[in-house]
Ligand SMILES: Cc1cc2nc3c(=O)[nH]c(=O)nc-3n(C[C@H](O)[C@H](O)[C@H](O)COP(=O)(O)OP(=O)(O)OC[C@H]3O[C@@H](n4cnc5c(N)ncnc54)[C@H](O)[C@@H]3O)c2cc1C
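The chain below stands alone and is given as C-alpha cells, in the form predicted alone.
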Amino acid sequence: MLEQKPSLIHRCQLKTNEQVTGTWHCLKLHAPDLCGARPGQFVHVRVGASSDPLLRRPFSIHHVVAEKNEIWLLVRSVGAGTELLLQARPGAVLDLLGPLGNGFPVVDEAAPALLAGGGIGLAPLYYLAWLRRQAGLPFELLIGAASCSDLPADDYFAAQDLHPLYATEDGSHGYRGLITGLLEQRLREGTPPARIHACGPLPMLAGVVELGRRFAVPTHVSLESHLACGVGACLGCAFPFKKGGQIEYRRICKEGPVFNGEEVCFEI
C-alpha cells in the first residue's frame, strides 16, 4: 500500500483578530497541524467563501505558540482580498494551505544575526527573532517604516521579550531614514554579525544585499510576490537568479521564499 502524505489543507478556527496599527491586523488561529512551521515559511489562505476573489493570498507565519496550538498571521489591508479576510470574526473557520516554502536557517553561531524587516516584511522576522531569543542566540531586530504610525506599539514586541531598533523615514521613531541606513550604521558600529536576514520590498532587499557584500556578511532574503498556486505548479512567481555567469529562474513559492541574497538578480 502506498504511504499517504499528510494533507497540506487545514481548516483553522480564528481565535482573535486584533488591530496592531492603522492597517495591520494580527490574526491568531487554532492550527495544531501548522505549529511545526519554520520561520520564513508561509500559508496560502482562502479569503472568501465564493469564487470571488478566486485566488488564495500568501501570508508568512508571523509567530507560533505551540503550547496553545496557535499560529499568528500579520495581515495588512491592501485590496479587496485582504479586506475580506480582515472582516472575519473570532469563531470563523479559515481554509489554509501550508506550511509552504523554505524558510530562514536558524544557525547556532556565536556572532549575532542582524534581522531587517521593511514594513510588513517584519512578519516572518518576528518569529525568527523569538526562536533565536529562546535558543539564546544573539541577534538585533531592525524594523523600518515611513512613520511611527505604521509600526506596532513597543509592547507588541516587549510581550515576547523583543526590543527592536527602529528606522522611520520621517524620523518620528528611532533612526531617521531608510532601514538600510540603520543597517549600515549597525554594521559599522556593532559587533560584526555572522549573517543578515531580511524581508521587505525589492529595492530595500537589493540595498541589504549590497551592504552584505560590502561588509562581507552573508545574506538571506525573503522575496515577496503575488502567488497564484503557491505550490510551484503555475510558474507565475518565477524570479531571475545568477548561477555560473548565467541567469536561471526559480519559483519564489517552491524554492523560496528565502534565498541566498548573493544569487538574487535584482537588476532585471
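In this text, residue numbers run from 1 along the sequence as written. Every value quoted in this text rests on a predicted model; they were computed, and no experiment measured them.
What follows is about the form predicted in complex with the named molecule, which we do not show.
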Name the stretch, out of 179-187, 127-135, 143-151, 74-82, where some heavy atom lies within 4.5 Å of the named molecule in the predicted bound form. 74-82
Should residue 123 be classed as touching the named molecule in the predicted bound form when contacts are defined as heavy atoms within 4.5 Å? yes
Taking the named molecule as it sits in the predicted bound form, is residue 225 near enough to touch it, meaning that at least one heavy atom pair lies within 4.5 angstroms? yes
Does the named molecule get within 4.5 angstroms of any non-hydrogen atom of residue 239 in the predicted bound form? no
4.5 Å heavy atom contact, residue 58 and the named molecule in the predicted bound form: yes
